[in-house]
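Just the one chain here, the form predicted on its own, laid out as structure tokens.
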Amino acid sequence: MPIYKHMTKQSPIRLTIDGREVETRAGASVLEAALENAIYVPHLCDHPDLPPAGVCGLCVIEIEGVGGLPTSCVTPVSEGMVVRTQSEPISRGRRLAMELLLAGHPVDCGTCQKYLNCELQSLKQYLGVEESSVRRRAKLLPVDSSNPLFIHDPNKCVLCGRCVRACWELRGVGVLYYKKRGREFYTYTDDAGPLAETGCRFCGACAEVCPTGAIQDKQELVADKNRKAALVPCRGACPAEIDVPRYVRFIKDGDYPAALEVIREKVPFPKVLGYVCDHPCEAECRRGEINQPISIRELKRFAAEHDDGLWKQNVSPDPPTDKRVAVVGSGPAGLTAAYYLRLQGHEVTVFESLPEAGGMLRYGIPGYRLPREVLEGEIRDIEDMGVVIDTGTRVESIDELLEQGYDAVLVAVGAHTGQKLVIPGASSEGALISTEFLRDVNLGNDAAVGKKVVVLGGGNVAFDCARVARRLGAAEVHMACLECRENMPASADEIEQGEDEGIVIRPSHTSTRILDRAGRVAGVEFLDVASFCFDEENVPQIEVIDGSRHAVEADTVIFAMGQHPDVPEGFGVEVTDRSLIGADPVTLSTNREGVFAAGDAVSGTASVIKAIASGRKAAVALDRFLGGSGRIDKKLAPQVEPMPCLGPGKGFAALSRVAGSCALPEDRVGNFCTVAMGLEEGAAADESTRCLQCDLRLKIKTVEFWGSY
């Protein structure tokens, strides 16, 4: 049973409740003493995180030697007290209290549509109140749905005061009051105005403690989601499950190393992610419903850039297990798995066919987006933990690895093989493949392009190719994709920065052939697309506009519309019709015993954070296969409880998003200098202050019903 207050060193108080001798701490209420000892007393206005009010009248009891029916939530215990929680007078008193609560409550109200059944309705059923001797009335007060996160229905308010106490005494914000309109009382803002104009912090405590749904979450924001994902969506949206609110709070408090430690509990590439994560968390951030989401990626980078290195003192491999793991591929999935497997005590060797480790992080992402020193620093951290990386070594046979004594193999070869469209002219000189083009650039090989470049594709890889082409001297770069502008798969910042650099975007275009002159690319012929989608078998369905045929002149064409892994036949693993490795979606095991697969080789081209998450998943599976627990998380950050009090929030809703600055387009197009500048300390402090701290809501205790006792 829940114990609502911490026990002190004072001598316990002994009392008798319903014939049972029980103990509790000095200063506890009779209600607390009963609940602590699994004796249920119905109550509504009382809440374990709030000071008692004693206004609902449901928790009445009888005390030997005391007249009337005292309210148990505000009655302190005393030594030798004798209490009864059940009797006919008590039942009558509780029934009358319930009838009074229901008098102004909507007759047809079934539940408050929260995550639990409505407390009021549950208590009504428990007390057996089906008909009322108290005349019921309809309040007919207007329902306010203008607030970004919550709906306020004053007709459901029973004046328990929980929301007011939560706002004032739990959170310290102080924007909710007892209000009167005509003859009706309810609780809401002082002038009944929008929450955003009152200094509300949108923490959700009022909705969390409301027992009737008078204040509740907008259903479109929480429907069809589990409770944690609905209330803390940024954390739920992160594929690696990084505790976003926790590290943002550490930044707000000025403890930057602790913020980094929170991130490192889940990923070994915090700084890399600070540059290139596609931040799905931001799309789900509840702050975005108020004005703009938190700049989560920039705050991650800020924390990583304030690494004092002390986290390494708390990270060391477990004792040796005498198990050996071979990881084929040193991209984000392979290196992540290697890192966590090494920490579990296994001996890990990573095999990389290219000259340096990093996979697509090094050979696919240009240096202006991800500085090489950032990547190399975090790879060194992985090597410092004892992971061996063998570069320039191409593995052709898994059998050979097993024969060398490896107990398990993880295939994480990525999706490095690009492809051309099967259209006339695709083999012309000057028609390039995205992955090969970017790899040559990152290797320092000759990767010259012409003055007029057309990139076919609309994703981040296509933008990488287009922006690199500009940096290599192309005077004119066009990007053409099947998707309309709103549905382009590239991230918003890639699109914006690309356009700033002079790239011309041609959405809703399908290429029909590559024009050539004497075997050399001369242009691309297009048709305008009226509609585009994929059918059930993932085959593109394209409807074109009649008479829209036109051409764009070019001397270089770069195909950037899909990649797949290059899986040697000697691996002996099942490969799907999409050229991906077939692996169990839960365990990532392949058709071969002891052989697992992860990352883009299994999923197809995905984001860096998804590859890292896949690497974590693989580490769990391999560790269990090798006889371990699969518990790969390491506690690094201080285990401190956040303060529930947020304080007044005047102007809080109006705080605008602080984003990192970029180098000017004219300063960056001719070179590979870093584009994104990141946040200064003051900007990071301002941005972290905008966080709603949604996770605090999950720390509010849940009221226990009689079924738990």
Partner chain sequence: MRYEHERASEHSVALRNCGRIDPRDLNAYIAECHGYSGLERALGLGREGVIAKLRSSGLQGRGGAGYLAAAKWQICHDAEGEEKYAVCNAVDADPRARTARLLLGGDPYSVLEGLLIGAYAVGAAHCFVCINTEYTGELTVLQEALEALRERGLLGSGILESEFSCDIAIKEIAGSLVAGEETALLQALEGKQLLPYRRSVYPAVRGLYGKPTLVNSAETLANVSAIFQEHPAVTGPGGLAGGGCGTKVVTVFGGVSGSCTLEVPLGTTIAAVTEAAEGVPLSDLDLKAVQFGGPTGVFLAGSGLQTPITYEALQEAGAAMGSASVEMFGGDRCAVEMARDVMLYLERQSCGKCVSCREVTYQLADMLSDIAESKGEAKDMEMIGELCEFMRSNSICGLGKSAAAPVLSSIELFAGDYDAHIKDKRCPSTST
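None of these values were measured; they are calculated from a predicted model. Positions refer to the first chain, counted from 1.
We do not show the form predicted in complex with the partner chain, though everything after this point is about it.
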Answer range among 166 to 174, 197 to 205, 471 to 479, 289 to 297 for contact with the partner chain, defined in the predicted bound form as heavy atoms within 4.5 Å
166 to 174
R137, R394, R549, R631: which sits within 4.5 Å of the partner chain in the predicted bound form by any heavy atom?
R137
Among I365, L101, A621, L343, just one has a heavy atom within 4.5 Å of the partner chain in the predicted bound form, namely L101
Classify E184 as contacting or not contacting the partner chain in the predicted bound form by the rule of any non-hydrogen atom within 4.5 angstroms, answering yes or no.
yes
Close approach of L655 to the partner chain in the predicted bound form, 4.5 Å, heavy atom:
no
Would N538 count as a contact of the partner chain in the predicted bound form, using a 4.5 angstroms cut-off between non-hydrogen atoms?
no
Does the 4.5 Å heavy atom contact test between G57 and the partner chain in the predicted bound form come out positive?
yes
